[in-house]
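Given next, in structure tokens, is a single chain: the form predicted on its own.
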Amino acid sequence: MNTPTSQFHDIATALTHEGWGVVPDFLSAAKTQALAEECRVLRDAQRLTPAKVGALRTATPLRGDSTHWFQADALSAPQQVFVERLDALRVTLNRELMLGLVECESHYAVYPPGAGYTRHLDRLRDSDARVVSAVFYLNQAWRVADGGALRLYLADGSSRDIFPHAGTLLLFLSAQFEHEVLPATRERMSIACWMRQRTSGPMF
């Protein structure tokens, strides 16, 4: 496994040249499993809510996941581990790419079998706060046959499918890449994140 320093440098280089990249084994298997278990507990306790979109947080059939936002002043132990690691990556990206990232926001996302999220862009129309999008996957023993890839649309008209294998972190520039979540044959769990810059626009 690469060291954290080399991993973070590699992803900074990928963002510079390609605008996107993947960090394998972003957390250890045990830490990833702890997040997955917490996500299942929240689901079973009905503490996830149907996802909404846009600055007005509007419900829509265009996405089928349910979410639970991390609260910075009330992080669980598994969340704290993840947030600290993500923040270390944010600091590295600032140092190497001068992005001016000041904070991260994150939420669990659970897609039931058959649900997806249609093609969209993460940067909102009235706010340039989101600079880097990230998705961390929590799904053990995921197979390509299970579906559920995040399809990233590239500038040359091609696309890339990133499957939601546990421990993998996908990053891409929020304003540059449209993407969609394809339906899966099994439940799909992840943590969606955005690294943000200061802005005078609305937060969401």
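All residue numbers are counted from 1 along the displayed sequence. All of these numbers come straight from a predicted model, not from anything done at the bench.
In what follows, reference is made to the form predicted together with ligand OGA, a form of this protein that is not presented.
| query | Mind checking whether each of Tyr111, His120 and Trp194 has a heavy atom within 4.5 Å of ligand OGA in the model of the complex? | reply | The answer is yes; Tyr111, His120 and Trp194 each reach ligand OGA.
| Does any heavy atom of Tyr137 come within 4.5 Å of a heavy atom of ligand OGA in the model of the complex? | Yes, contact at 4.5 Å.
| query | Does Ala166 make contact with ligand OGA in the model of the complex, using a 4.5 Å heavy atom cut-off? | reply | Judged by the heavy-atom cut-off of 4.5 Å, Ala166 is well away from ligand OGA in the model of the complex.
| said: Check Arg63 for me: does it contact ligand OGA in the model of the complex (non-hydrogen atoms, 4.5 angstroms)? | reply: Arg63: contacts ligand OGA in the model of the complex.
| query | Does ligand OGA come within 4.5 Å of any heavy atom of His68 in the model of the complex? | reply | So His68 does not count as contacting ligand OGA.
| field | Among the candidates Leu150, Leu171, Leu27, Ala34, the residue which, in the model of the complex, approaches ligand OGA to within 4.5 Å (heavy atoms) | value | For this set of options, the contacting one is Leu150.
| field | Heavy atom within 4.5 Å of ligand OGA in the model of the complex - qualifying residues of 177 to 192 | value | Heavy-atom contacts to ligand OGA in the model of the complex: His179, Val181, Arg188, Ser190, Ala192.
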